[in-house]
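The chain below stands alone and is given as structure tokens, in the form predicted alone.
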Amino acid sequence: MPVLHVFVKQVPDISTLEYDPSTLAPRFEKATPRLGEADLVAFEAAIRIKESWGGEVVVLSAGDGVNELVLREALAMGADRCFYVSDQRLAGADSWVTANVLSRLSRKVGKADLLLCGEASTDSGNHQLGPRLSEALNIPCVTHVVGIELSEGLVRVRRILEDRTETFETGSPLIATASLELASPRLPSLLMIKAASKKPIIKVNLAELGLDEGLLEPLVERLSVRVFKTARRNIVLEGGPLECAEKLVESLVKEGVFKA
């Protein structure tokens, strides 16, 4: 029976995100944490494979200030175990550092037949984690996956590109990054939520992974993040329908939206 590792990231819920009016800097610390949208899609795909083939789904996560209640959501959806690293040193981690930590955590947890993650995180969205995990673990990776099928000893994945559809067939292990079209995440029932409270969530200290200092130094430095603030012009057009239509066209031409 297959063992599946699913990598998830705790991200701020955009609907609860506020910003400082004086600096336009987002107040990430005040936002409600949640699992990334694409990560939930990857997780749903893993659960469906488990329902069809049996096996075990293990959730892996890393970051600073990881909230166990957020990880419980994955357990409520059907995961069996969860391992995570939470360390202040990961506050400024880029995809390079995150992949180094998660790849070492995956090795510590044990061998997996299929490793899944979202194609991009909700906050940074740089599409790098899957390929970097592939490099760190020396495992093949297929990105932007919209379909996964298992057969005896083989994994078949499908992805859609701009001008064609590609299908790959390979042995395990394999890393796949989930596109949003892959699956629709389920909502856990009350019984599943109660059952999740009894499933193990294990915190692993960063020092236990034995990473060299260089593997924990980000290659990308984030200088600042600012909200792009917009304001409506609040132009009111008065008159009959035809008159307002003419004024609207004149205004749009004047603003350069289109040419007359």
Partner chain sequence: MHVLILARELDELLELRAVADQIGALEVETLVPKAMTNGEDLASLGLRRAYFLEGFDDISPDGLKKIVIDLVGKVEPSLVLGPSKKVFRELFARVAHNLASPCLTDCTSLEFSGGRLVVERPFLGGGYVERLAVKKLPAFLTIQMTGRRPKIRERNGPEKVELSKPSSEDFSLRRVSVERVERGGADLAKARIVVSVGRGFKRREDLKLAEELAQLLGADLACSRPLASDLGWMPEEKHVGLSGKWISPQLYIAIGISGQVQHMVGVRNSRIIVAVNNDTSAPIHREADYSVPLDLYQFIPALITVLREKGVRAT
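Residue numbers count along the first chain shown, from 1. Predicted, not measured: the structure shown is a model, and the values here were computed from it.
There is another form of this protein, the form predicted together with its partner chain, and it is not shown here; the text below is about that form.
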Position in contact with its partner chain when the complex is considered in the predicted complex, options S52, S197, N205, S224, heavy atoms within 4.5 Å: S224
So which of V142, L105, L71, L114 gets a non-hydrogen atom within 4.5 Å of its partner chain in the predicted complex? V142
Which among 227-235, 62-70, 197-205, 44-52 is in contact with its partner chain in the predicted complex, heavy atoms within 4.5 angstroms? 227-235
Please tell me whether any heavy atom belonging to Q128 falls inside 4.5 Å of a heavy atom of its partner chain, as the geometry stands in the predicted complex. yes
With the partner left out here, check for me: in the predicted complex, does some heavy atom of S86 sit within 4.5 Å of its partner chain? no
Closest heavy atom of V220 to its partner chain in the predicted complex, within 4.5 Å or not? yes
Mark P33 yes when one of its heavy atoms lies within 4.5 Å of a heavy atom of its partner chain in the predicted complex, and no otherwise. no
At a 4.5 angstroms cut-off on non-hydrogen atoms, which residues of 78-97 are near its partner chain in the predicted complex? List them in order. W96
